[in-house]
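Take a look at this single chain, the form predicted on its own, given in structure tokens.
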Amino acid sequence: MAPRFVGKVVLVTGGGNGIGQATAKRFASDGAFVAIADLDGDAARGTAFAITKDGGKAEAFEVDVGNEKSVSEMALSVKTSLGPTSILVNCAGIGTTSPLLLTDLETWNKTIEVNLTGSFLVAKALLPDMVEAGFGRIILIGSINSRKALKRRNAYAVSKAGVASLTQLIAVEFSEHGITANCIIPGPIDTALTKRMHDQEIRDAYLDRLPIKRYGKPEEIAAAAAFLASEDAAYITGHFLDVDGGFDVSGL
């Protein structure tokens, strides 16, 4: 299959590791010039180095997605270095686990800031160029936790529910400009984040209820993002794409 994204600038936030890193590598393998944005600049540069070493095209950028000034500066740097962004995959996110009554306001606010406000700020910074070009793909990362109430997942679940709603709002407002917005809903995926959030009890509960008896791979989320960004998905917008091993249909 010929590379699908030659000539496209793809911005992947949270591209230093996990799902973001796998997504950056997937788009690079499909011919895109990938801007890898991450709070951890060394991790972003590591991903960029791995891509260029394999013959792909990538550049690293540091950003705090919850900070409007940082996002604006990053978006300008990407445009200056690579050109206007055509495709955004917003993978930057954090998560914590604690009972509701033990969740402090600082943790709550930080989780909302990174996961939800960050998605809003990055999309807002890139949308004007997409509108001008008459083309754009916005892909946000939600979570099954926004649908299924799990103990100790309060701030994370609420932030991801907001991401799902934001996706639909972008789709409704910008579809007339040739821009689609979709939300990937991952199930449990083997990443550094889930290793921190999922103790053995949680892992066993997931595996017991997953029709596909394993955690997903970051590359499987990256494949879904590549599909949603492709011309094959040009008529899909405002959609929630479950990549969850059947978790949602099996329930808790």
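Throughout, we count residues from 1 along the sequence that is shown. What you are looking at is a predicted structure, and each value in this text was computed from that prediction instead of being measured.
Form predicted in complex with a small molecule: not shown, discussed below.
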query: Contact residue in the predicted bound form, chosen from Ala226, Ile189, Ala60, Ile51 - any heavy atom within 4.5 Å of the small molecule; finding: Ile189
query: Single option in Ile94, Ile170, Ala75, Leu127 placed near the small molecule in the predicted bound form, where near means a heavy atom within 4.5 Å; finding: Ile94
query: Contact segment among 153 to 161, 101 to 109, 172 to 180, 127 to 135, judged by heavy atoms lying within 4.5 Å of the small molecule in the predicted bound form; finding: 153 to 161
query: Partner proximity in the predicted bound form: Val65 to the small molecule, non-hydrogen atom cutoff 4.5 Å; finding: yes
query: Any non-hydrogen atom of Ile19 within 4.5 angstroms of the small molecule in the predicted bound form; finding: yes
query: Contact of Ser29 with the small molecule in the predicted bound form (heavy atom, 4.5 Å); finding: no
query: Close approach of Ile139 to the small molecule in the predicted bound form, 4.5 Å, heavy atom; finding: no
